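Next up: just one chain, as structure tokens, the form predicted alone.
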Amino acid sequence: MKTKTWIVLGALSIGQAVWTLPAAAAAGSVIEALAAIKNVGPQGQGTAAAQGAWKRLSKEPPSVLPEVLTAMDGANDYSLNWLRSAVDTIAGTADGRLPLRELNRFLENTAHHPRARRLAYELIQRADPDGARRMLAAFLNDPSNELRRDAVATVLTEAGAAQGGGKKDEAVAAYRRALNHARDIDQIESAAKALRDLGQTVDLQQTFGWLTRWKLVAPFNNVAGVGFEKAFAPEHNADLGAEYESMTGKVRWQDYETKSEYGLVDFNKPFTQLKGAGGYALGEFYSDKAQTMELRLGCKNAWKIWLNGQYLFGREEYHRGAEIDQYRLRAELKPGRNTILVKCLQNEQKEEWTVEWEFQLRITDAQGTPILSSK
């Protein structure tokens, strides 16, 4: 919600004071409520304060919606749920009086939280369906998968209509466009199948720019999860000629090239289905210039990653589920050879759905368009 700043020269009239003070109080109330909700955490942390804040916030006019959506930036999952509920409640009482101009401005800023931008789009769609439909084409290359999916769905529908009308060239072009921008497996497979049915060649490895050639070494001890924090020898010395002590004796790097259409690097293939074990994958990427990129990883195991010897990030979770571009790490490529080291850890669960010990990785720009190695 925007508030006016008043610079007063001379005496302030009673009328002005009555008009401006409630506005300032309302602004403070919204800020305090949002702060309380953003303090919500695990195990009920801050819940009591958040309940009161939510009640106050839900009574605010729809003009505060952009401010509530902005509060989703940097919020944890607990706070996001509270904020989403507040947006729904406030919008539910709007009676068509949504602040469309401010919501459009919010949506255009791709730096905002993807879920918040998706909510903004849904509000715009509710108030201006035709305007929302006109926006879809712009979302094909949006960094938010939440918005990109709707745009891809529209292109797939257009492609199907062209195919049904016997317009093969038009259908092929539309399916290609959908495939190049899709990030969800169901849409990828739908576009790929349609293209193949139309006699077209589809190379998903090339389309998405997966890194397919690696050097692998394993297995290192991860019994009881000790391997995540323990820095095994490859983290200090990733020399391809090195020999390391492992769970099974001395091991060396070995060549590995994935044939998976989705770029899956599967440690089970060279090392068998081990449990309580970790492995390392070392890849090379050649850049013709210094450039900012996103390193996009999909993995359902625990993992850590380094670029040119510098640690970027890691996540100690097992079998949570994996998807394309699940994790996005912004980093800088240097000109020439760059090295990427991935540590991938398997736990000791025995269920059939815990067998996977794998990851997929690609390098893209901020919109998810692949950047290919120059060598």
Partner chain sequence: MKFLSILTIGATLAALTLTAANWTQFRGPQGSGVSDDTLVPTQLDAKAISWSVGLPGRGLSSPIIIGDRVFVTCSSGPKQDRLHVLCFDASKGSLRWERQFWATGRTMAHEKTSVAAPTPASDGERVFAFFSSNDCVALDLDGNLLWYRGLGRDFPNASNSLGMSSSLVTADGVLVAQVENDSESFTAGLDARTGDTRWKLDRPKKANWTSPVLLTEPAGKTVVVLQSTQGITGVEPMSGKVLWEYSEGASSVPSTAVSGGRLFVPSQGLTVLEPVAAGQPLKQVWRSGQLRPGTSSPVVVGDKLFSLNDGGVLSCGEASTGTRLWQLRLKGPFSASPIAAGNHLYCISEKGVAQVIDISKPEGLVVSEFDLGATNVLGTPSIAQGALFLRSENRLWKFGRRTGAD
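For clarity, every value in this text was computed on a predicted model and none was experimentally measured. Heads up, when I say rigid core I mean the largest set of C-alphas that superpose within 1.5 Å between the two forms. Positions refer to the first chain, counted from 1.
Omitted from view is the form predicted in complex with its partner chain, to which the following refers.
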| query | Hey, in the predicted complex, is residue 217 touching its partner chain, heavy atoms inside 4.5 Å? | reply | no
| Heavy atoms within 4.5 Å of its partner chain in the predicted complex: does residue 77 have any? | yes
| said: Please tell me whether any heavy atom belonging to residue 316 falls inside 4.5 Å of a heavy atom of its partner chain, as the geometry stands in the predicted complex. | reply: yes
| message | So, residue 122 and its partner chain: in the predicted complex, are they within 4.5 Å at any heavy atom pair? | response | yes
| request: Give a yes or no on whether every one of 44, 81 and 84 sits within 4.5 angstroms of its partner chain in the predicted complex by heavy atom. | output: yes
| message | Looking at heavy atoms inside 4.5 Å, which stretch does its partner chain contact in the predicted complex, given the options 203-211, 260-268, 85-93, 277-285? | response | 85-93
| Just one of 191, 72, 174, 151 has a heavy atom within 4.5 angstroms of its partner chain in the predicted complex, so which one? | 72
| Of 323, 332, 32, 348, which one comes within 4.5 Å of its partner chain in the predicted complex, counting heavy atoms only? | 323
| message | Once you overlay the rigid core, does the Cα of residue 242 travel 2 Å or further between this form and the one not shown? | response | no
| message | Quick check: residue 106 between this form and the one not shown - does its CA shift reach 2 Å or more after fitting the rigid core? | response | yes
| task | Take the rigid core as the frame of reference and indicate whether the C-alpha of residue 48 shifts by 2 Å or more between this form and the one not shown. | result | yes
| query | Closer or farther: how do the Cα atoms of residue 326 and residue 144 compare in the predicted complex relative to this form, given a change of at least 3 Å? | reply | farther
| said: Taking the cut-off of 3 Å or more as given, in which direction does the distance between the C-alpha atoms of residue 367 and residue 78 change in the predicted complex, closer or farther? | reply: closer
